[in-house]
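Okay, so here's just one chain, in structure tokens, the form predicted alone.
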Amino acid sequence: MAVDTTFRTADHLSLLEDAERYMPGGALGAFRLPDEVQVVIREGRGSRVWDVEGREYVDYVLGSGPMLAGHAHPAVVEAIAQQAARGSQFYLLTEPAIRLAQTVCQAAPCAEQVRFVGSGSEATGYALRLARAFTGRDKILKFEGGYHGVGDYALYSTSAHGDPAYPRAHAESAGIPRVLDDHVLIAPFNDLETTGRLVAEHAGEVAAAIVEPVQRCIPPAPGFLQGVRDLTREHQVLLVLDEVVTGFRLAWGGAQEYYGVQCDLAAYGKAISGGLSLAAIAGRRDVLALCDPRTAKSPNHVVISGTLSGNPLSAAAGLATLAELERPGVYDRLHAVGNRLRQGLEEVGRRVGLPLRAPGEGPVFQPLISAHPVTDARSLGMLDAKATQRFGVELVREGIMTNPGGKMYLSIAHSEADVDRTLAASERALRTVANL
């Protein structure tokens, strides 16, 4: 039965009004549900969340991805409780932080050392700072449509703008210093020929190339990531993989393992935090040595620090989450359930007569309505944005919590029954869209 989220009690509406009054846009950040389905969440367990009126939703937002083990996983809750009883913050080494660093180094192919930070945006931003210091170069290359957080270097060309004029970058936020316009180069994702030409033309200027292995929802074309690796190695450019989304999600060794590509640095977040604030830069020992505090007086020293970096509560939650992900068969099942949902959504589209696509990989993908195959930012931009957004809104009405127009995340808690419920709701939602 559909969930009627248009009806909200006076107390619920009062909470939403207070959010508008005290928080810009009545939101925590860039993400905000449309007004007609905006709700306040009370709790989550496993694959479900409940709003303050007790309405239940199958959750594919998952806190924007961190809840890969599901909400309130007993092992994670217990780990947090045990650590909280010992203390929540010291600004000194703790065993959970050391063991989490060890686990990341054992799992990530690139990782010889790890520096913890507070968020994925910090991880990507600091990785680029390390690359600039290590190479002595100022420019970075990113791919059109790639999202690497909210740092000044990152917020360029996160979507396509007009006719391509590679490598010219387009700032996506007010307040970014215009001087950076000449320090960020843009290349088209999945176009190795153009990328190779741009890297060669700017050889000696580029410190790093940063790439999402799955760019938003777009998998890499065969050979693309390895081609970028070869180009960067040839021109002594550091390759930074943004594994904030893909790390520990596609495989135990992340996209590096899943796609078989090596990198110099990788940014981790989301899954390693167990739902608390934590991220990491992992990579080569000689690069990370630049942020060793014992070299603070060196002209090449890179400052990477934060009061809560490696916080023991976050580290304990991360360790408990990764222990669940390391269990035999977890990734096979995660991909199987996710791919069944992806394929089922596309079959729903065929039955209804709308071109519903679900590009991505099993654990993370993006449902969208488009007549065009999605291979890069420009083809992604050809979707029917209005219909895609409406489909997401109707899913929320049906009790399926999504980011309308955005990605859907799977957790190890999602079941075949969740998929059945989601596909049934999706057909109803898509028929509503078709009849508009």
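Residue numbers here begin at 1 and follow the sequence given. Only a predicted model underlies this, so the values are computations on that prediction, with no experimental measurement involved.
This next part talks about the form predicted in complex with a small molecule, which is not shown.
Picking from 240 to 248, 188 to 196, 158 to 166, 72 to 80 the stretch near the small molecule in the predicted bound form, with a 4.5 Å limit on heavy atoms, gives 240 to 248. Screening Arg216, Arg357, His183, Arg129 for any heavy atom within 4.5 Å of the small molecule in the predicted bound form leaves a single hit, Arg216. Of the residues given (Thr94, Thr103, Ser121, Gln366), Ser121 alone sits with a heavy atom within 4.5 Å of the small molecule in the predicted bound form. The small molecule in the predicted bound form comes within 4.5 Å of no heavy atom belonging to Gly145. Contact between Gly149 and the small molecule in the predicted bound form is found at the 4.5 Å heavy atom cutoff.
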